[in-house]
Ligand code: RB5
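Single chain ahead, by itself, as structure tokens, in the form predicted on its own.
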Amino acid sequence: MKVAIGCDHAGLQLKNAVIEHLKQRGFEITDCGTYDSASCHYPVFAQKVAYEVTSGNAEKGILVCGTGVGMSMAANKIKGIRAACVSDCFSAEATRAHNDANIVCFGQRVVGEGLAFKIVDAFLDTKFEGGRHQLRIDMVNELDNK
């Protein structure tokens, strides 16, 4: 699976650790930056990851900032993105199974490295259940046209 990942300066260390974790699991990674700790603007990187996902270059995306909230807000502005800010494994799994989320967001200041690995594993390993959830996803997607 191809995964796009990005961060701002507040998520750099955790992003780099997640990249190594996913490479060990055999995922193909597109690192959309940032690449150093200089202060930068999270919407730039949210957009880069979102476009990788909506273009089909990546199947899923991961965004890391201080809390994950700003990244999720910015990514959700892109048509076709369903980004979820999570800080636990249950939510990561549920948002894939029920919401067909295509980007997971979390914060370096909120979750530690070990939990981040478990979150991305739960997110990437869970399939969308479809069925009764598909109607709701269709309704969410229709909001892109409002």
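Residue numbers run from 1 along the displayed sequence. Every value quoted in this text rests on a predicted model; they were computed, and no experiment measured them.
The following text describes the form predicted together with the ligand, which does not appear among the structures shown.
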property	result
Selected contact from 83, 65, 120, 58, since only one has a non-hydrogen atom within 4.5 angstroms of the ligand in the model of the complex	65
Partner proximity in the model of the complex: residue 97 to the ligand, non-hydrogen atom cutoff 4.5 Å	no
Non-hydrogen atom contact residue 10 with the ligand in the model of the complex at 4.5 angstroms	yes
Heavy atom of residue 77 within 4.5 Å of the ligand in the model of the complex	no
Close approach of residue 45 to the ligand in the model of the complex, 4.5 Å, heavy atom	no
Among 27-35, 66-74, 87-95, 50-58, the region lying within 4.5 Å of the ligand in the model of the complex by heavy atom distance	66-74
Residues within stretch 95-109 having a non-hydrogen atom within 4.5 Å of the ligand in the model of the complex	109
